[in-house]
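Heads up, what comes next is one protein chain in two forms, each shown on its own as structure tokens, labelled structure 1 and structure 2.
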Structure 1
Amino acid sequence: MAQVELKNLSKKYGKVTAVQNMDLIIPHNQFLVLVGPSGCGKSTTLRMIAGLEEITGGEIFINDERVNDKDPKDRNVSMVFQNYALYPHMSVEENLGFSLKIAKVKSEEIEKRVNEAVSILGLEDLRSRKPSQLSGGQRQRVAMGRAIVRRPDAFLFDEPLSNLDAKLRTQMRTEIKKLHQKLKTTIIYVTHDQVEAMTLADRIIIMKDGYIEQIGSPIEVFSKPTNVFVATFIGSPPMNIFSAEIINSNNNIKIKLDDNLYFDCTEDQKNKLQNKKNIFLGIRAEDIMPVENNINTSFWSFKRNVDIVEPLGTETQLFITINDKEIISRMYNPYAVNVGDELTFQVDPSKVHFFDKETEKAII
């Protein structure tokens, strides 16, 4: 069992704080993804767990054992980097077994573990090839195989797919997901790509400026973002966010989006918004629905001219303007739409998100 626990973990570079007082428990067999923009502290956190970066404060436990003072080789974790770090003069088989050879593992055991990794990753036909004879995806599979042979307590992935093209990234995401299902061990994975995070993770941590902004399952962080940053970072395209004003007249509360666009609040929304004046309102693109007929009278409805049309095959993205703000509507089962066409759009009020104007935190 390989639980990883971080207690009040911090890292400073001079006056710059990269990771701030992080408390986290990662249970055995969980696929945890750290995601966030460049410089948010996610890779630094991973490197501290691996022992490649000294910590400034706090404690790290692996299997209930404090590892702060242990060398990387003694922590029984394996790290997979984005640049593969394969030995160019060695074959695939030699690369896979080299760390075991250095550790003076018996040759019979090395062969057994290498064969196991080759079988898991489908490298049978590549055993004798050198890294220069492999594609990017094949090299990354070898890098993962080199981690597998060590039979670590936890796998650490530091943006392993960032050097691959879009098609290979999709294929390798599937490979990594299958790997986790086969090995049933703890994986801590760092990426700046929120699509990778959503498709791979059991649990996601969204980071910003060294802090954890939100922790939850992919569905939780997508459907219930804790603040504006998470709402716009998770989801593609990002959630539409724009300013709105709360108009409260004789307990009749309306939401004003612009001078010509007012919406009635639901009873639940009235309770949340009755003491607010100005807010941020968030609507995901798929929840702004163009309709031709069958208008739902319980939905918010408005008309807008289309500014830009982006056909994507199974869907079309429509760009419209509300209160001088560009808004994206995602149209499934698309039909022909031209720039300048006036369409009726509907929004289910229950799908709308509200955020405090000052703190940018979700209004719950």
Structure 2
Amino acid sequence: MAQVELKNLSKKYGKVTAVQNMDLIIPHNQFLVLVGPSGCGKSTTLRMIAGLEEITGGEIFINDERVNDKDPKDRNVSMVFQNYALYPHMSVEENLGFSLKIAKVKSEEIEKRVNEAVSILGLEDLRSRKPSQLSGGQRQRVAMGRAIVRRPDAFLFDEPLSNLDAKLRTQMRTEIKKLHQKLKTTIIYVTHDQVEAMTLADRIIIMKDGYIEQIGSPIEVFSKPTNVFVATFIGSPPMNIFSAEIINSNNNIKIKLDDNLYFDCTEDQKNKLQNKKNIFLGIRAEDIMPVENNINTSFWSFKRNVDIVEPLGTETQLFITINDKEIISRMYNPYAVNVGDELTFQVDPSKVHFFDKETEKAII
């Protein structure tokens, strides 16, 4: 049960600014994911909430109580570290029960809660092992168990899955999601893996260089990115971005991609683009569709030779060139395509994103 609130939070290491004026309210029971490239300040934010890092500016509130000057032990949050940070000299059981022992909880209660965590995480056979005798995935589960037994106000996860192999990661992702539904606690989860962010989050925060670039639900940040950075960071493969020019001649607005590619725009887009000259245009790979016949006349369409073909099974990625820029198109229900084939591609204009060329912000 906790609401975590960050007010104008900043962190500086000497001249390096790790986190810049962060404002955020995380309501009770929300699964919040902090995502961003390496070095953007995710860990620093988390560590400030945990109390492991001193705050340079701003305030942190947990359940409306200001915790800036509180020791980590008085904040009742638990943290799962990237490297698990298990106590090497304690068995799995002792690792799990340690925080309760420190809190002077009665031994029957400790046993009860440890048993509970052990069965939730499937650690039955490992109870008396030392961390050095566990595999990465098992250590990861112990680290989570250690966080669970405390029944904290909030969980802080710092890239807990980054050391696991792909299969185990997917599996643990599901486990964490289940755990959240079961425990109903606030979770702040740091990752630089956007798939993890999309699948787990109630709400995603995309950070860059210490700033928040966008906050929103997974669907929101995917379908309505507020700037070029978010557009290319969320989604895989990254959104295609082109330079384009707005040609405004006798009240008819056209978008010019290169000398031979001019597209009309919708009424709605006309209003948005009227006063613009140079823009960035963003189209996701799945919105550039190769078509054989039934061409939709209201869509943009153009012909291109395929440079590279990458079959992935359920889909095939086609690489084409527009205005010297490499563009990826995703073909669902793939059929055989050879390098050099000329295909017709179509784009639904309503799926196109526009960004200001100067500010790189979405044009709305």
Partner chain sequence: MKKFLNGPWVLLLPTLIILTCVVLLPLLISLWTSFTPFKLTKPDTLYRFVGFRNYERLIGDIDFWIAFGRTVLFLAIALNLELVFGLGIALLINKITYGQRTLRTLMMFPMMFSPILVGFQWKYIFNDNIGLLNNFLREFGVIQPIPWLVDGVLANISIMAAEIWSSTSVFAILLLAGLLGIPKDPLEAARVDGCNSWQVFKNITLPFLMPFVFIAMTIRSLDVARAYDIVQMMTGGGPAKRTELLWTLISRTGYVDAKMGMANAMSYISIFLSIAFTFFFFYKLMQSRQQLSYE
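Numbering runs along the sequence of structure 1, starting at 1. Just so we're on the same page, rigid core means the largest C-alpha set that superposes within 1.5 Å between forms. As the structure is a computational prediction, the values presented were derived from the model and not from experiment.
Here the form predicted on its own appears as structure 1, and structure 2 shows the other form of the same chain. The two forms, fitted on the rigid core, differ between structures 1 and 2 by 2 Å or more at the CA of Met90.
Taking the rigid core as fixed, one finds a CA shift for Asp264 smaller than 2 Å between structures 1 and 2.
Glu109 is not among the residues whose C-alpha shifts by 2 Å or more between structures 1 and 2 once the rigid core is aligned; its shift stays under 2 Å.
Shown is the Cα shift of Gly122 between structures 1 and 2 after rigid core superposition, which amounts to 2.4 Å.
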